[in-house]
Structure formats: structure tokens, C-alpha cells
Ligand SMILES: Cc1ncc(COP(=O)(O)O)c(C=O)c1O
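Read the single chain below, which is given as C-alpha cells and is the form predicted alone.
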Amino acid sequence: MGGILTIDREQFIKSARHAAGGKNVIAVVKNNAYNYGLEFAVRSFLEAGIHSFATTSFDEARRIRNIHNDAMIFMMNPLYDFDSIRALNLHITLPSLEYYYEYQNTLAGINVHLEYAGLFNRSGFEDSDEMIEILRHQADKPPDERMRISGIWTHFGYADELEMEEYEIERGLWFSLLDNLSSQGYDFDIVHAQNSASFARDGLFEGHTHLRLGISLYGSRPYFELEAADYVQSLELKAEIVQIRCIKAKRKVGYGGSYAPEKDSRIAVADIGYGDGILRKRAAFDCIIAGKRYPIKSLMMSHMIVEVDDSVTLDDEVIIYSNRMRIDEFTNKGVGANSEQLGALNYQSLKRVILNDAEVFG
């Protein structure tokens, strides 16, 4: 089977609504909505009162538009298919002077958000002077040849790094940039910079119209020091036990003899593996069977070996993720970022079940 991925839709909506805190939110739904499923997530976010979305994919933008004709859809990557941008009525990032001067004549009428590179430095303008150059150049154009400069944004790459000073630096640079633009008479309808970690640390910044939230909307803490009760995980990943075996001491099991018990041991073989998206680092820790934690001992493409005691039976299930075995717990243990663990899940092999929705996806 490859495991069962279960999502409680009611809890998902409740967690998203709580994470938004009553603010205007742009929900980040890229990469299949962190692998929760794009259509599921968008419809659930709409029910939670969120009507703006951010992605990097034209395909995902089309699917969002098919769900909600009036949603604000913001594209975080530079785009070049301007006919599709217009047809889908997208908001797009404006990432650099070079991009602007190359495509200025095809940007007319398109909603753009000026992007500030900041310390994250993935893309964006270097400073306010570059932005002012664009703003003045646009003002000199006839109205029907102008793009719509609807917003301004940046990304804080260090907000979840509590032991580093870079977040304070990047935040200060961003405020300085906004102050410089405002002093020249430039303000924007949509101002968004804060991710889940920044919002948890500072609340919504003054003068900002929207949060741009990812992982907290999906029920994971953006950093581990936050109260788990404020971020309830709606996702559970489990697998069936396909065999229970007794293994003699020193007898090797798995690829390359990856598991060789020091003493006679009992193992459960679960029907899930790295081919289903379980990270190898995740397999260095425990799982839950019948309410008790047991160590994972070996991970193969389609199977997982767990060392168990005599109480475990074939009727039990192996829980890899749940609200008792949280994704952010393993982020804190060094398995990988919340998004990394979610993004690895293989929807081609996992059975997906939505609770409280009467929908089952194979």
C-alpha cells in the first residue's frame, strides 16, 4: 500500500484560522500546498477566510483560479509568459532592473510587486534607489502603457534563527527601504514581508497590509520554542505492519545488513519506506505503535523495520507523523525543515484520506 496519509479537514481549517490571527493573509500554497494537496488546501483556506494565495507555478495558479475567480494570486518567481499572466489576472514579482527594462513594454496593465533582495538575496532589487528609478520611469509613460505597481515585498530568511542577529539586520534594512520610499511619496496598496516565524516573533508590522504565511497555516511551529498547543497538526502518516519476525542476535537485516541486533529481538516490518517519501534522517528516530514509542532500525525503499516488544501485533499500525509525533519535533531533532519533510511525501504511492470531507484519494 505504501502508507496512509490522513488529514482532518476540520482541524486543518481551525489551525489555519488560528495561525492567521484575524489578519489579512497571503497563503503560500506552492509545491502542492506543502504536499497537503493544492485543491484541498485552497478550498480549506477559503473556508478559513483566506482569499489570497502565493505560488511559483503557472499550473498551480490556473488550478487556484479555477477554484476562485476573484482570489488574489501572487507569483513569487519571475515570469515570462505575459499572455498567461493577463489571462489568469495574476500579480507577479518584479525582481530586478534588468527584468524591468527587458520586459517593460509587455508589462502594461499587469499587477506587479516590487521585490527587495535583502539578506536572503534570492532575487530582488538591491535598494530603494533602484525601485525609485523604476517608479519614475513608469510615471513618464502614458497611462495605458504603465504596469500596475500594486505591492512591495521581501522574504526574511533568518526569522526562525533565534540565535542569530541576521533577522534584526534584515528587518532593519526592510524598514529603512520602506521609509526611504515613503519619504519620496511612494506608498503601496499591498505590503507583505512576514513569514510564519516573523509573525510569531513580532506580530503584524505597522504599515503592512498582509502576512505571507506558509508552514504555520499547516499546523507546524515555525520554530520549536513556540507552544505546541497553538499549532495543531491535522496530518497523520501511518502504515500497516505486514510481518512480525524474531531475529537472532547479530543476524543482519535490510539493505547492506543495516540492522543487526545486539541480542535476540522482535521486529515489525511496516509497509512504507523512502520510496514513499520518508527521509532517511527521520528513520533515525522513533515511531508510535499502539500508543508507545518504538525505535526505527532500518529504512528500505518500500519497508521500514521497527524493533518492538511482545505487545505489538499484526493488527497494530505504525504512526510516523501525527499530532503526538509532530513534524516540527523532528525538525528540531535535525531531520530537515518542516517543508522538507512534507515536500518529500510521495502522493503517487501514499493513500490519501480526508476526514470530515467524504473524499478519499488513492
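This structure is a prediction, so every number in the text was calculated from the model and none was measured. Residue positions are given as counts along the sequence shown, with the first one as 1.
Not on display, but discussed next: the form predicted together with this ligand.
- From the list 302-310, 315-323, 38-46, 22-30, the contact stretch for this ligand in the model of the complex under a 4.5 Å heavy atom rule is 22-30.
- Distance criterion of 4.5 Å from any heavy atom to this ligand in the model of the complex singles out G214 from the list G151, G214, G118, G277.
- Checking K263, R245, R122, R136 for any heavy atom within 4.5 Å of this ligand in the model of the complex turns up a single hit: R122.
- Remark: I73 does not count among the residues lining this ligand in the model of the complex, judged by a heavy atom distance of 4.5 Å or less.
- The closest heavy atom approach of N195 to this ligand in the model of the complex falls within 4.5 Å.
- This ligand in the model of the complex is approached by D160, whose closest heavy atom lies within 4.5 angstroms of it.
- In the model of the complex, no heavy atom of F330 sits within 4.5 Å of this ligand.
- In the model of the complex, not one residue of 161-188 has a heavy atom within 4.5 Å of this ligand.
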